[in-house]
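What follows is one chain in C-alpha cells, specifically the form predicted on its own.
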C-alpha cells in the first residue's frame, strides 16, 4: 500500500538537542515488544507524575501546558523541531514511541545519525531543512494550529497555497516509507536471486549439506 502523501496538524518543539532519553526514558525500554510506546513519548514533559510500563496515558496526571496534551496537537502527525533531534543513545524505542503516538514525519535542521536511519525502518519520515527554512516554518506554525502537506514523491512540503519547500532524501530510503517496507521486506525483493545462489552453492559444496554423519 502506497503512502505518498502525509497531511496533518503540526506540533512544534522549539528546542535543540532533544535526545532519545527525552523522547522515551530508559525505564520504558524493558518491554520486548516493538509497539505500545506512544503513551510514554516525551514522558518527562508530558506528565506530572511518575509512570510505569503497564500504565496508559489515561492513568497519568498530565501537564496541560505541554503541547501534545492540548487540542488539536494531541492528534498531530507531523513534528517540527530544531537542531540535532534524536541525538544520544541508539535506542530504536524513540522512533517506536513517535510512530505509536501517530507521528508520520519529523522536520528538523539536523538529526542524530542512528535515529535518522531508525526512522526509515519504522515508517517515520525524517526531513532535513536548513535552519532558515525551519525558522520560517516555526513562524508560520507558532501563530495558530497549522497543517502541512508532505508529498513524498515530489519531495516537497506544502503550507496551504502560500509556499513549499523541497527536501532531499535518498530514493532507496524514501521507498521504505512510501511502501511501508522493513529490512525483511527489502531482503525479500531479491528472494529469487537468493534462492538461485543457495541452489548453486548446494551443488558446488554438497558436502556442507550432507547431514548423514
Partner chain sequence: MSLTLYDKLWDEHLIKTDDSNESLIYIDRHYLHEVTSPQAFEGLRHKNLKPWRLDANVATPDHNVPTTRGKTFYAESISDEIAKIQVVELDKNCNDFGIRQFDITSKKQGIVHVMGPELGYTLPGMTIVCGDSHTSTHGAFGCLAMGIGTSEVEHVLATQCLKISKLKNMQVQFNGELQRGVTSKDIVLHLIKLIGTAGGTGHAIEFSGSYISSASMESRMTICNMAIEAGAKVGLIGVDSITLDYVKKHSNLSNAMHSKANEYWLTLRSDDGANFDKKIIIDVSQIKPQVTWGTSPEMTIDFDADIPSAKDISEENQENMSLAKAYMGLEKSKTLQELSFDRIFIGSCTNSRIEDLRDAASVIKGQKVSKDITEAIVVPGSGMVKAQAEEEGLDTIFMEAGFLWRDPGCSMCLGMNPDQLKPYERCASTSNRNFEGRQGNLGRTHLMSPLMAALTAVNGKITDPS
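Here the rigid core means the biggest group of C-alpha atoms that line up within 1.5 Å when the two forms are laid on top of each other. Residue numbers count along the first chain shown, from 1. Because the structure is predicted, anything quoted here is derived from the model rather than measured.
Another form exists, predicted together with its partner chain; not displayed. Remarks below refer to it.
> Report the stretch among 24 to 32, 145 to 153, 65 to 73, 158 to 166 that approaches its partner chain in the model of the complex to within 4.5 Å, counting heavy atoms only.
That would be 24 to 32.
> Counting only heavy atoms and a 4.5 Å cut-off, does its partner chain in the model of the complex sit next to every one of 113, 172 and 186?
Verified in the model of the complex; spot residues all in contact, yes.
> Just checking whether residue 102 would be counted as a contact of its partner chain in the model of the complex - the rule being heavy atoms within 4.5 angstroms.
Judged by the heavy-atom cut-off of 4.5 Å, residue 102 is well away from its partner chain in the model of the complex.
> Looking at the partner-bound form in the model of the complex, is residue 92 within 4.5 Å of its partner chain by any heavy atom?
Answer yes; at least one heavy atom of residue 92 falls within 4.5 Å of its partner chain in the model of the complex.
> Find out whether any non-hydrogen atom of residue 50 is located within 4.5 angstroms of its partner chain in the model of the complex, and reply yes or no.
Looking in the model of the complex, residue contacts with its partner chain include residue 50, since a heavy atom lies within 4.5 Å.
> Using a 4.5 Å heavy atom cut-off, state whether residue 136 contacts its partner chain in the model of the complex.
No, no contact at 4.5 Å.
> For a quick check, can you give me the residues of 182 to 205 that have a heavy atom within 4.5 Å of its partner chain in the model of the complex?
Heavy-atom contacts to its partner chain in the model of the complex: 182, 183, 184, 185, 186, 187, 188, 190, 191, 193, 194, 195, 197, 198, 201, 205.
> I want to check residue 202: does it shift between the shown form and the other one by 2 Å or more at the Cα, with the core superposed?
Yes.
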